[in-house]
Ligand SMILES: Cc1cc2nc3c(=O)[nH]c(=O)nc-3n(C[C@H](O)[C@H](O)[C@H](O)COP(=O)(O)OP(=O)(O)OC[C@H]3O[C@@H](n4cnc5c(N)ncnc54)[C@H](O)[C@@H]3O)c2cc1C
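First, one chain by itself in structure tokens, the form predicted alone.
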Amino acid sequence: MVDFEFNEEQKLFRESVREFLAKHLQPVWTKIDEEHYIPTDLIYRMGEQGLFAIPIPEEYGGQGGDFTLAAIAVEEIAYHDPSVAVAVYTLLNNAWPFILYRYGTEEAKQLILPEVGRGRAFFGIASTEPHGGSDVAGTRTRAEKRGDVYVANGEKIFISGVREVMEQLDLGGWYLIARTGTVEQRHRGISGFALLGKKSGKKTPGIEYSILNTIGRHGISTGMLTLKDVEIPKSMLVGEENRGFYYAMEGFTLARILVAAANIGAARWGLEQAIEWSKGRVMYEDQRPITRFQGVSFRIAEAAMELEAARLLVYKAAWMADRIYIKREPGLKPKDLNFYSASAKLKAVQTSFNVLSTAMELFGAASYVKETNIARSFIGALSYYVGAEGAQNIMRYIIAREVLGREYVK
């Protein structure tokens, strides 16, 4: 029979995460958004709480958990920081370290993963380039092999964690997607590297960076990296040369589940705000709450229904990821997750956008001032609606490809 209940371990984990976040994140999330900065001591505390590298085995400094637990953590973090900035920081430090664990060299894993698990390092993704975001196969950044190093040149944009790596933490970097083959090879000529922007507090020579002035999700930085003859040790090659595109696709598939979890967390917060506001907002001589108008109550009903549907899809995707990657059930392959991951992100992001839009409409003019905080959440979630971790139409393409067959959607 289908069981829609979380097990005891998952329930206890959620409660411990909620208790931690209510004390350390909820009181400061608006300050984080205003000051454009996640305090380093908060990052350290989150590491101590076990919120990073959740699906990484303990022998590599991870928490020895799974993607369901990671999704629970990210959902709760987004609920307690509905600007989703801290959730983004968290989901990146769960999805991409897992790709490093799965395909990286022993040296790279031992150097990076334990520090990510402790909250002392950041490891995200550097794929997007100025000429286009979703066309990963069209990567122009090059990495040429010269002896025991690869020399990288190129530009990456809309990269999360640039300030955190280059100015805040002593160790950190990204899964860098760079071309090691010819342009004509497209995705078959791309490799992945563990590019360190900083190691032991020292910046890597040849990396220049700038911080973009984003309209929301301010707590985590979004920036641009320029690589000029950056030397990457051979030991930082992730997996086989010219196979990096395929590893990246696995990483995006896993990250999208956690992106979806962040969106339902923010939407849950927004719906609760809309409900409380609508109950207390009264009109006319009899001072009736606006919830008595179907134009309000029906909107809330639809939002609650859509949120529950999205939430079920998110945890179905996390459950599938655990079957494939953690339990390693026979007969299942990473590609079997594509439909569920893309569907979860498509549904959760659209739902979050709709729910938070509804909240803004119900708040009316009050939503247009910072003090109600609705706009902070709406603009944060908007970052995923417009394309982070894959545009919504890319999700539709993936779903169509899985349903119809690749040969029918080319």
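All values derive from a computational prediction rather than experimental measurement. Don't overthink the numbering: it's just position in the shown sequence, from 1.
The same protein has a further form, the form predicted in complex with the ligand, not shown here; the description that follows concerns it.
Just one of 107-115, 292-300, 70-78, 216-224 has residues with a heavy atom within 4.5 Å of the ligand in the predicted bound form, so point it out.
Correct option: 216-224.
Contact flag, residue 393 vs the ligand in the predicted bound form, heavy atom cut 4.5 Å | Taking the distances in the predicted bound form, the answer for residue 393 is yes, it comes within 4.5 Å of the ligand.
Item to complete: Report yes if any heavy atom of residue 160 sits within 4.5 Å of a heavy atom of the ligand in the predicted bound form; otherwise report no.
Response: Residue 160: contacts the ligand in the predicted bound form.
#### Entry: 4.5 Å heavy atom contact, residue 388 to the ligand in the predicted bound form
Residue 388: contacts the ligand in the predicted bound form.
- Proximity of residue 127 to the ligand in the predicted bound form, heavy atoms at 4.5 Å: Residue 127: contacts the ligand in the predicted bound form.
Please identify the residue among 63, 343, 383, 351 with any heavy atom within 4.5 Å of the ligand in the predicted bound form. Contact residue from the list: 383.
_Looking at 233, 189, 239, 133 here, can you tell me which has any non-hydrogen atom within 4.5 angstroms of the ligand in the predicted bound form?_
Checking each option against the ligand in the predicted bound form, the one that comes within 4.5 Å is 133.
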